[in-house]
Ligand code: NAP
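Quick setup: one chain, the form predicted on its own, written in structure tokens, and binding and motion questions come after.
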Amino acid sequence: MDLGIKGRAALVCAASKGLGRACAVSLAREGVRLTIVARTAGEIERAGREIAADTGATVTPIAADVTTAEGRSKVLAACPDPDILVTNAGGPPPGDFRNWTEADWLKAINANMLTPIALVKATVDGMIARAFGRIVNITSAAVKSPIPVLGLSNGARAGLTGFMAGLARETVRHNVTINNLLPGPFETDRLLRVMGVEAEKAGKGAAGYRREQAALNPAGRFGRPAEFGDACAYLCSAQAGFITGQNLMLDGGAFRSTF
């Protein structure tokens, strides 16, 4: 299927690796002009070269911390009028809520709630004026099915979800959609870190624990990042203009619910 977004400009955050990079690759394959962002210059520049070489797309890598006003200004100077915005930030560290300070909470809320809202605020009116926009927020399956050791993420991302639910109903009449992708267990560095914490709590070896958890998923495995990227690309497509305010779980069926 031609997704109808060739030549569109896309800004993809936290795109040097993992699910952010997978989204960037899938969009690049559709002929989108990419601006990709991550904090570490070497990693994002390498990702830009590799994505461009693999897909033939135009890719502009920017090293910036989008959780700061200065970082967002740098990114938006490079890509002031994106047609597609994919927000993404590394999740807060796992742990026990008894040990988290106010500073820990504020850092999580800034990264996983306020930063995406700031990026949307800076770009959504331009999308409305051009009568095309696709905003996809990468959140977490923990929004619907909380994971105790990820309490910082549970709280901050739930706040983002609530805000975006209201805004999505205001922008869709202008062909600007806002949706969230909720990843479950995908084969990423983040998964390895979380599994390591859980394995330690269970008194098990990390590798064996990962195999056990993969087998417990209805799919019998963890997700592949490319699967996630392609789902993102579809939500960014011309054909997805009637989909807004949705939270798409990608978890192999782990969240057991009829709706």
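All residue numbers are counted from 1 along the displayed sequence. This one's a predicted model, so the numbers in the text were calculated from it and none came from an experiment.
Omitted from view is the form predicted in complex with the ligand, to which the following refers.
K.L.:
Can you pick the stretch from 230 to 238, 206 to 214, 23 to 31, 62 to 70 whose heavy atoms fall within 4.5 Å of the ligand in the model of the complex?
P.N.:
Of the options, only 62 to 70 has residues within 4.5 Å of the partner.
K.L.:
In the model of the complex, does every one of D83, A168 and I178 come within 4.5 Å of the ligand, counting any heavy atom?
P.N.:
Checked in the model of the complex: no contact with the ligand for any of the three.
K.L.:
May I ask you to check whether K201 falls inside a 4.5 Å heavy atom distance of the ligand in the model of the complex?
P.N.:
Taking the distances in the model of the complex, the answer for K201 is no, it never comes within 4.5 Å of the ligand.
K.L.:
Although the partner isn't part of this model, could you tell me whether A89 comes within 4.5 Å of the ligand in the model of the complex, counting any heavy atom of the residue?
P.N.:
It does: once the ligand is placed as it appears in the model of the complex, A89 has a heavy atom within 4.5 Å of it.
K.L.:
Check whether D189 has any heavy atom within 4.5 Å of a heavy atom of the ligand in the model of the complex, and answer yes or no.
P.N.:
Yes, D189 is a contact residue.
K.L.:
Since only the chain is shown here, I'm wondering whether T244 would be in contact with the ligand in the model of the complex (any heavy atom pair within 4.5 Å).
P.N.:
Looking in the model of the complex, residue contacts with the ligand do not include T244, since no heavy atom lies within 4.5 Å.
K.L.:
Considering V120, M113, M127, I138, which brings a non-hydrogen atom within 4.5 Å of the ligand in the model of the complex?
P.N.:
None of the other options qualify; the answer is I138.
K.L.:
What are the residues of 33 to 65, in order along the chain, with a heavy atom within 4.5 Å of the ligand in the model of the complex?
P.N.:
Stretch hits, in order: V37, A38, R39, T40, A64, D65.
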